[in-house]
Each structure stands twice: as structure tokens, then as C-alpha cells.
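Only one chain comes next, encoded as C-alpha cells, the form predicted alone.
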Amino acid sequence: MSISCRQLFWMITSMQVVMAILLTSSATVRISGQDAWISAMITVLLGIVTVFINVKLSLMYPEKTFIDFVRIMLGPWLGGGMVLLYLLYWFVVYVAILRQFTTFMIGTILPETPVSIIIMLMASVVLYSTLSGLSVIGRMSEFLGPVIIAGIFLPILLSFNNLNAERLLPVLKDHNGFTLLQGSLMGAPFLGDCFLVIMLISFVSKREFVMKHGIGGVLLAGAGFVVSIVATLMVFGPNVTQSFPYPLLMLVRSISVAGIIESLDAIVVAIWIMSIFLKLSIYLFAVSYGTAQWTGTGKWRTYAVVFTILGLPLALLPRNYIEVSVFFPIKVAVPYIFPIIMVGIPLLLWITALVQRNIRVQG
């Protein structure tokens, strides 16, 4: 299995942009008000820092996955324990995204459909793509990525007549730097998903351009995030925007061009589902392939089936939108996952790898 840098670019872009917009826009506006677009730009910077650290770390061991080089660096016990932590995290995120997707579908276009049916259908499609291998996921990302980006920017262009720049005022009068940073952290775990490059880089065929394509993917996804917040603020203002669970979807539903182009929400939601599908596929591949390496069996497709079966009942546990889309990001992802899992541990590993290399050179 191998992927190109361009496929890596679209994988990062596709898996980040929609989830960040859907699940963090309201929370960011709730904290930063009309200055939320500044917080969103800080979020993009945090995403770039995340991908920079993880690419630098991965390029220290370019031929090996995260599972392999952590055990080389830290030994079988400590390294194995750290790998287990990441495998558990990837599986939990896979389950959480599966449930968040279900909540989104029920709240938008399938209100009468049983939760279990939506979960089983999506999990089955994700499993089929994952079993085909990372190369297939990469090709799908390359094909679907531009469509997903169009599904973000085209509705915003069509709502041009509803935009009012005065709703962004006053700028930097009601919120200080600390408040803006707090607002930026709402989206950081979602743009920080790019840290998965630590599992993907060993599959990239030409790694000399990995950093450029990784940062490029975060920038394009971040541009979609920033522009969506600016557009919803200019249409609804901060007070109304923060009251919607999915502000950009409300903007899409408000589009009416000469009474001809309207009711686009079903089409746009279908496009956004592609992004969630790719994100689930990448996470399922990471946890399955990583577990196969960690156990030494090599049967990663068997683990993909096992994790899919285990994920079905677990995805039914959250009772509502608040538990899966508000409590988990605010109480778990922001204070623990982003600073520790996505940035802190990879940064320490990178420093450790540099120290070990210098010792080998001097020895």
C-alpha cells in the first residue's frame, strides 16, 4: 500500500474541514462572539504547529509507522504502553465520530430513521473501503476532496447577497487575547487530526514534500473553517449563530437565488457526509493496522472487522447531541486530547529522537 503526497494532502483536508465546521463553530462564536473569526485563525495556526511537530517526528523514522518507531525509541514495555494509549484513543474517536454522524443525520435530513440503522449502514460502508486498503482511501480522498471543498465554499458564494459586514463589528473591543485563545481551542482537536500523519507517512511514496502537503492540507481545511465562521456571522450575527447547533447548515437553508436556486441543504449534506466517511475510514485503518503491528499478527483486515463490530453497540451509548458533540469535545478533547495526545507526547518524542540521534553521532 502506498499513497502520494497529493493524496495525503486531500486526506488531511477532507477529514478535517467538515467536522471542524459542524461541531466547533457554535462553541467558538459562543466564547469569542463577533471576533470568532480571529479565534478560528488562531486554530489554524495551532493545526499547522501540530502537523509540523508530527511530520518532523515521523521523518526521523521515515520507513516505519508510529507503532514501530515508538517501541524502538522507548523500548517494548514503555513504548508498547504508549502505543496502546494511542490505539485506544483512535478507537474511541472512531466510535465518537460514528455517533456524531448519526446525531447530525437525525437532526437534519433523517429525523425518523432509527439510530441503529444509520450506524450500521455507515459502519458497513466504512469497513468496505477500509478493507480495500489505504491506497483506495487515498484515491477516494483525491477524488472527493475537491467536491467536499466545493460543498463548503459554493453555498457561501451563493449567500453573498445576505452578507452584512457590520455584524462583525466591533473588532477586538469586547474580547481580550485570553478569550480569543479559549475560543480557538474549541476547533483545535479537529484541525489537530492532522497528527495522524504519524501513521500515514511511512506509506507515502515520495516523502521530501510531505511537510508542504501536510501544512497545505491544514491551511485549506482551516480556510474553510475561517470563511464559514465569517459568513455565518455576517448573515446571522453572533447571538443567533451561537444558538444554532450547525450554523453553516442554517446558512445553506437560507439560500434563495431569484427563487430558482434554493433547498440546497440535502445536496450539501450529502457532500459533507463524504468528509465524515473519509475520516471514519482513516481512523478505522489507523487503529486496525496499528493493532496488527502492535500484536505482531499482521492481520489488520481481521481487526478492522472486529473494531467495526465492537463499535456498533458502543456508538449507541451516548444518549443525545449534548453528550457526544458538546460534553466530549469540551470536557475531553480540548483539555486532554489536543495538548497531550496530539501535541505534547509527539513533541517529547521528537526531542527524544533528536537527543538519541546526537548521542549516536557523538558515540
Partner chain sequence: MNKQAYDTGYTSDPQLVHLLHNNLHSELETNITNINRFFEHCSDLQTYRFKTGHDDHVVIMYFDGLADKELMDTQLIRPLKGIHTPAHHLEALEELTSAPYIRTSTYIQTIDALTSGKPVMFMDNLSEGRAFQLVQFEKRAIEEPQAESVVRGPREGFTEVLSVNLSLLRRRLRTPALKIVSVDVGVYSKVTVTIAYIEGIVKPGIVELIQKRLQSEVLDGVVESGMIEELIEDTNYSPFPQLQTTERPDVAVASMLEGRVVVLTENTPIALIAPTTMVSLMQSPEDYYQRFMTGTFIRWLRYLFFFIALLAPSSYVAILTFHQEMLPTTLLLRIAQSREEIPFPALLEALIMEVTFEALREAGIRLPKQVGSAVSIVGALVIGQAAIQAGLVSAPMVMVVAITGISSFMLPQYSASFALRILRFPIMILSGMFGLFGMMLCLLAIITHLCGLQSFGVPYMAPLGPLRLQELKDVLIRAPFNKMKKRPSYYSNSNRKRRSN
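Numbering follows the first chain given and starts at 1. Everything quoted here is computed from the prediction, not taken from an experiment.
One more form of this protein exists, namely the form predicted together with the partner chain; it is left out here, but the text below deals with it.
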Quiz prompt | Which of 68-76, 224-232, 161-169, 136-144 lines the interface with the partner chain in the model of the complex (heavy atom within 4.5 Å) | solution = 136-144
Practice problem: Check whether S263 has any heavy atom within 4.5 Å of a heavy atom of the partner chain in the model of the complex, and answer yes or no. | Solution: yes
Quiz item: Does at least one non-hydrogen atom of L121 fall within 4.5 angstroms of the partner chain in the model of the complex?
Solution: yes
Quiz item: Just to confirm, V125 within 4.5 Å of the partner chain in the model of the complex by heavy atoms?
Solution: yes
Quiz item: Do L110 and the partner chain come within 4.5 Å of each other in the model of the complex, heavy atoms counted?
Solution: yes
Quiz item: Of the options I198, I156, L249, I271, which one has a non-hydrogen atom that comes within 4.5 Å of the partner chain in the model of the complex?
Solution: I271
Self-check item: Sole residue of S243, S132, T179, S254 within 4.5 Å of the partner chain in the model of the complex, by heavy atom
Solution: S132
Practice problem: Identify whether the partner chain in the model of the complex is within 4.5 Å of every residue in the set T24, M82 and Y86, based on non-hydrogen atoms. | Solution: no
